[in-house]
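Given as structure tokens, the chain that follows is alone and in the form predicted alone.
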Amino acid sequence: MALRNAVLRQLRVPVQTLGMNQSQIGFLGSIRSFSSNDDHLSREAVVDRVLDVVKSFPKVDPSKVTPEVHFQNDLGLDSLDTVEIVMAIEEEFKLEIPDKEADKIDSCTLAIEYVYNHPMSS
């Protein structure tokens, strides 16, 4: 409880009024603006960055990399290579992909979908 109170004393929330004077606001005081995480990545940005990660992998021929490419079938990578690519994608987007989900990512298409739909990707 003491830690909570200490944190709340230091927390600052921007307060903004919407062109109203004090008499129009009444007891509400003011309206608080909160972020809605509008900085989510566009699909094109995700596609470009995922493809760049895959193209930069040493065992991959960059000319074969497309958004639809399968890591094992099209690029000839083994399961360890796929794990390394998924780890590189985690690092690129500052994500931690659970093992259960990471095991399902075996193509650029699935990697793009996962990253684009992840709320914390940056």
Partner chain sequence: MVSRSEVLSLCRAMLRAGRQYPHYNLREYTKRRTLDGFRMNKNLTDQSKVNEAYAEAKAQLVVLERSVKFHSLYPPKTKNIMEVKLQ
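Keep in mind the model is a prediction, meaning the values are calculated, not measured. Positions refer to the first chain, counted from 1.
From this point on, the text means the form predicted together with its partner chain, which you will not see here.
Here the marked residues L80, D99 and A102 all reach its partner chain in the model of the complex, each with a heavy atom within 4.5 angstroms. In summary, among the residues E91, E44, D61, D52, the only one with a non-hydrogen atom within 4.5 Å of its partner chain in the model of the complex is E91. Its partner chain in the model of the complex is approached by E84, whose closest heavy atom lies within 4.5 angstroms of it.
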